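Only one chain comes next, encoded as structure tokens, the form predicted on its own.
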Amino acid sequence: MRAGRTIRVGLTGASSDLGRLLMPKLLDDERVEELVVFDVSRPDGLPAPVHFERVDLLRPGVDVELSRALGATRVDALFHLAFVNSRVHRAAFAHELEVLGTLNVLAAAGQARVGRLIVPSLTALYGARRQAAAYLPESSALHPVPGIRFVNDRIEVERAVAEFAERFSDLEVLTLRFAPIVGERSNNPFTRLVRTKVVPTVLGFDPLWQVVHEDDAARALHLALHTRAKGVFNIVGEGVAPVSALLQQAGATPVPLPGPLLRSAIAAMEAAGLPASPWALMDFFRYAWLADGTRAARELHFLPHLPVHEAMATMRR
């Protein structure tokens, strides 16, 4: 975006964790002339100055409808945050919203020639592997996890966004890969696991983890609006710590278990309706999966305010 001028900003997923965290920053930003929210219904508590456009990302032909709305509202930049982090009982719906919804957003953004598109992602997409590099740059390969929808769908989304960025190279496309986001207001698989207070882990393993506080995550998104950079960026908190230390900092108790007992504990938690990390994700509790945040610091000028142990401590509240 050119410096010194006001811009119109569009937003899908205003009711998502990131949407709720980002919106106050956009409303306080004097460089944002107007904020337009695209959603299937008007989000609760949407401030009066925000312009609302009713759009169902899963309706046939919505790409044309959304393209017209983007053109009519003269949106310069679009945050696509309509992703599912809360617990869902309809995995098919979540897949359609994230993958098909994103494809519709990309088609509309291309038709309307939106100048800047910003999409969130996850450092978990790198996977946890025994022989991974100490710190993974953005060029590292992404690794699906069999049976884990929220990882595999996001990889599919990233591939679609990358193809879009290559096809529309004149547009500014940014993908922000976030470490697990933590904080009082965050509701995602990791924060739900922490809030169970008792977390089964893998006996004999205690890998280093990264997290990022929700306020830092929102700030990174906001920085992406005004930077002249584009591409993929890892967004991580300051420092690393063993996963056991992070859990304890948040007031949870890690319970290391051998394989057979760990499987039984996970099954029991799932049967009781408690958040549990599926067996397919146990490699994340065996091996480090640390992302390199150098590029975000250099090009987005993103430096986290909270180190990882302080970020986790906010979960106690």
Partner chain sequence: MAAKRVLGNDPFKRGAAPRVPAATKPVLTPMDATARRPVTPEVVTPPTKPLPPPPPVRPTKRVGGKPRGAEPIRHEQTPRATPLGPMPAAHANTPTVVADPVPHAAVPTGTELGRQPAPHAGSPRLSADPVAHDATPEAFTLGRAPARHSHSPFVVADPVAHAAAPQATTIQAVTPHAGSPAVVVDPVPHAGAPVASELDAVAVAHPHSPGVQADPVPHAAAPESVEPEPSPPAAGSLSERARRVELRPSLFSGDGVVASVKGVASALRTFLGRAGKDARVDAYGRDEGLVERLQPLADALYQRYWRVRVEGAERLPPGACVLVANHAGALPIDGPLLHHALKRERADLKPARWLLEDQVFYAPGVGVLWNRLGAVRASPENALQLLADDTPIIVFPEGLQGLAKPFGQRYHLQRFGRGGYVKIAARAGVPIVPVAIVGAEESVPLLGKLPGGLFGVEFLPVTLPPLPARWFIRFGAPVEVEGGAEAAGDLALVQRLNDQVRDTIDGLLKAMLAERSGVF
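Positions refer to the first chain, counted from 1. Here the structure is a predicted model, which means the values were calculated and not measured.
Missing here is the form predicted together with its partner chain; even so, the following discussion is about that form.
**Q** Would you kindly say which of Pro49, Gly61, Pro260, Gly273 lies with a heavy atom within 4.5 Å of its partner chain in the predicted complex?
**A** By the 4.5 Å criterion, the partner-contacting residue is Pro260.
**Q** Which residue, Lys230, Arg192, Arg129, His222, is the contact with its partner chain in the predicted complex, using a 4.5 Å heavy atom cutoff?
**A** Of the listed residues, the single hit is Arg129.
**Q** With the partner left out of view, is Asp206 within 4.5 angstroms of its partner chain in the predicted complex by any non-hydrogen atom?
**A** Yes, Asp206 lies within 4.5 Å of its partner chain in the predicted complex.
**Q** Would you check, heavy atoms only and a 4.5 Å threshold, whether Thr253 touches its partner chain in the predicted complex?
**A** Yes, Thr253 lies within 4.5 Å of its partner chain in the predicted complex.
**Q** According to a 4.5 angstroms non-hydrogen atom cut-off, is Ala241 in contact with its partner chain in the predicted complex?
**A** Yes.
**Q** Taking heavy atoms and a 4.5 Å cut-off, does Phe150 contact its partner chain in the predicted complex?
**A** Heavy-atom contact with its partner chain at 4.5 Å: absent for Phe150.
**Q** In terms of non-hydrogen atoms within 4.5 angstroms, which of the given stretches 245-253, 64-72, 29-37, 273-281 touches its partner chain in the predicted complex?
**A** After filtering at 4.5 Å, what remains is 245-253.
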